[in-house]
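Just the one chain here, the form predicted on its own, laid out as structure tokens.
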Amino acid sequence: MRYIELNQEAKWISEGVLVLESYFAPSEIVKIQDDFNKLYGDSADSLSCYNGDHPGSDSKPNKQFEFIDTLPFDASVELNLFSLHPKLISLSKGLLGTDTVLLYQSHTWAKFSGRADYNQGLHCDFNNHTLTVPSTEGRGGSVNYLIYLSDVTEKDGPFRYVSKRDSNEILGHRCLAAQPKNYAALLEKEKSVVAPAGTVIAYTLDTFHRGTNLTGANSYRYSMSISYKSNGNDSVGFHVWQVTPSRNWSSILYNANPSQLSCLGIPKPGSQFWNEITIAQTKQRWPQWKSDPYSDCL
């Protein structure tokens, strides 16, 4: 079973970026947009409604990442399940060429004009996803998504990137850091993703890209950063979902289906992990967890 068109898969492998405009219809993200508005507001003047904490912040947090939250979110079931949307799982399976994938990163992210300097240098994302380097395999075992949840024009801080074809020609094959002497040439080749809400940008860990400033007087950008990897790819990671028992996973555990839960590392029904004891004790921990699919496979 194929989850993606062959030409899209080939472009993602060769170019490092695949842009799927309006991948999610307005009806699929309207509730997500409502949640963003409640969490962050839609202007720098409405930031007082934001109640989150910057994850991993230190004494000098980078204001670019001031308004980021990590799954699970203090929001609706729809937002909590969005990074586990069946369409994203299916797309990840197609891009990675596997029937089993794991979600390893999920952030909400809001930006506002004048709030911070969002301009970045061209870079690759492998440094904070792996202790090694990106795989030389075409698929690489992981895929990063930036999902626009508001319309993005040139004034709204669009994602910009350089295709692997162009960066290889300028910097040499498999160069993972932009060279000062070639940086201007790299910038000349960058492309800007101006697209409507619901657009999905899939990119690889060795693709040069950067964030840009919001230049509109009252511009804002809602987005999510989501990453999937092939099951068993232990060289790549970002979040540890079970970092503390105080985090509230109930909206996800009670509403996700077994396929979605498996993307968080929860064994599928039929796994040897499940027996009468593990099912009963999981049910004690999460009383409204739908355990029937797991019990039926004993």
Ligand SMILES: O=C(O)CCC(=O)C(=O)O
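Given the structure is predicted, the values throughout are model-derived calculations rather than measurements. Residue positions are given as counts along the sequence shown, with the first one as 1.
A second form of this protein, the form predicted together with the named molecule, is not displayed here; the remarks below concern that form.
Engineer: With a 4.5 Å heavy atom cut-off, would you call residue 254 a contact of the named molecule in the model of the complex?
Structural biologist: No, residue 254 is distant from the partner.
Engineer: Can you tell me if residue 120 lies within 4.5 angstroms of the named molecule in the model of the complex, counting non-hydrogen atoms only?
Structural biologist: Yes, residue 120 lies within 4.5 Å of the named molecule in the model of the complex.
Engineer: Contact between residue 159 and the named molecule in the model of the complex at 4.5 Å, heavy atoms?
Structural biologist: Taking the distances in the model of the complex, the answer for residue 159 is yes, it comes within 4.5 Å of the named molecule.
Engineer: Does any part of residue 140 reach within 4.5 Å of the named molecule in the model of the complex? Heavy atoms only, please.
Structural biologist: No, residue 140 sits far enough from the named molecule in the model of the complex that none of its heavy atoms falls within 4.5 Å.
Engineer: Quick check: do 19, 85 and 145 each get a heavy atom within 4.5 Å of the named molecule in the model of the complex?
Structural biologist: Contact check failed for every one of 19, 85 and 145.
Engineer: Which of these residues, 72, 134, 94, 211, gets a heavy atom within 4.5 Å of the named molecule in the model of the complex?
Structural biologist: Result of the distance check: 211.
Engineer: Looking at 72-80, 123-131, 170-178, 85-93, which lies within 4.5 angstroms of the named molecule in the model of the complex, counting heavy atoms?
Structural biologist: Stretch with heavy atoms near the partner: 123-131.
Engineer: Across 97-116, which residues bring a heavy atom to within 4.5 Å of the named molecule in the model of the complex?
Structural biologist: Residues within 4.5 Å: 109, 111.
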